[in-house]
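Form predicted alone, single chain, as structure tokens, below.
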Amino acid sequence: MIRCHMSFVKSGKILLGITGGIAAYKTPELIRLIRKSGCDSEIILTQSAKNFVAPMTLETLSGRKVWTDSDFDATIPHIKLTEWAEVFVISPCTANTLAKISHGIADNLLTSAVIAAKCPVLIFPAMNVNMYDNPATQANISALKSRGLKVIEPSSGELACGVYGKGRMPEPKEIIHEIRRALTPQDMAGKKVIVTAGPTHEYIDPVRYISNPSSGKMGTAMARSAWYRGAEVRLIAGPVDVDAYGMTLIRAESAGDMLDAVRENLSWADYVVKAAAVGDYRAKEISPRKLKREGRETLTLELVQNPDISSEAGKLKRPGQILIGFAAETENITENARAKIVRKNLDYILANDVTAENSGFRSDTNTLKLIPRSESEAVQTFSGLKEDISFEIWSRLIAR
């Protein structure tokens, strides 16, 4: 058994540069999340950024000294900090600092550090929408991208100036996603992945439906770890909250909706992971009105089978495409899973006992068996946090 814990890159050395924009107020939360994720950070604060966030606040949260222009002396901190860092994040990055970096100006500690950096540099512009849309700003962004720096597009919404438009700094949890991707080997770059996740709702009347307790956590973890590794990901999710930052999110409420979404996107994908807990049955007839309880001691529903999405995908699978199914079982796990592999034309199936402790629906942890179609390949068991398991599973799949 492979027992996973912190198996993919969550720790790292992060150099965070903060410039003087109103969005700097979000950086204490970003630093808290960096530390919570197990990463270490050093912070460079520009002179104007001190007007928005106090160095003492950042030092308390990071447990580290905050570097400012007053430290720019014979100790050459811009060299030492960038040699230490595994990723350099500038958030928020004002239009002024963006322009300086684009033109190679090194007139303060932060811009000098960018010139010295050999590690990946992630820039998060944050400014008024008119400033962001200005041709000069766009030209600066294009120049930075051409030199290999990654500039993350700002979010749209109400800005500090009261105007609505593009220019908001992403939320700290979204910046963490970008950091973790930058710290992860991009061994799935160029790959296209579809993952289905969550439950389905099969309505019996306008206010009631048949469903299951799936949280979508395992499917989302499979999608997220593929994205961290550089894949382009389309997440087809049932009616459940999912964090799809960086991915294309496709919503599907019923089994029929999910089948349509899978069919529409199937030919695009190199890997298809069927992690959704799709309802096996639906009501033969959906009542157009709410079924009243008055006068009814019992209620009988006639159910019919939903289409088997994995089987449909297996019929349409093109050569070279890898199809991975999931099997939530309560007994004879390996035997039942192997039968599904053949019946549904899968390449692999991930099977688990949903009655086991700390496994299955809603849990943050799981124990899964990766069962290959070929009986000459060994069955592997993974146990631990779902996000860690997902990374290990991808390692086995792409190494085949």
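For clarity, every value in this text was computed on a predicted model and none was experimentally measured. Residue numbers run from 1 along the displayed sequence.
The form predicted together with a small molecule is left out here; the points below concern that form.
- Proximity to the small molecule in the model of the complex, defined as a heavy atom within 4.5 Å, holds among Leu81, Ile194, Ala327, Ala126 only for Ala126.
- Interface residue among Ser215, Thr94, Ser211, Asn306, judged by heavy atoms within 4.5 Å of the small molecule in the model of the complex: Thr94.
- Just one listed stretch, out of 272-280, 127-135, 142-150, 310-318, contacts the small molecule in the model of the complex at the 4.5 Å heavy atom level, and that stretch is 127-135.
- Using a 4.5 angstroms threshold between heavy atoms, Phe52 counts as touching the small molecule in the model of the complex.
- By the criterion of a heavy atom within 4.5 Å, Ile22 is counted among the residues contacting the small molecule in the model of the complex.
- Remark: Thr334 does not count among the residues lining the small molecule in the model of the complex, judged by a heavy atom distance of 4.5 Å or less.
- The closest non-hydrogen atom of Thr46 lies within 4.5 Å of the small molecule in the model of the complex.
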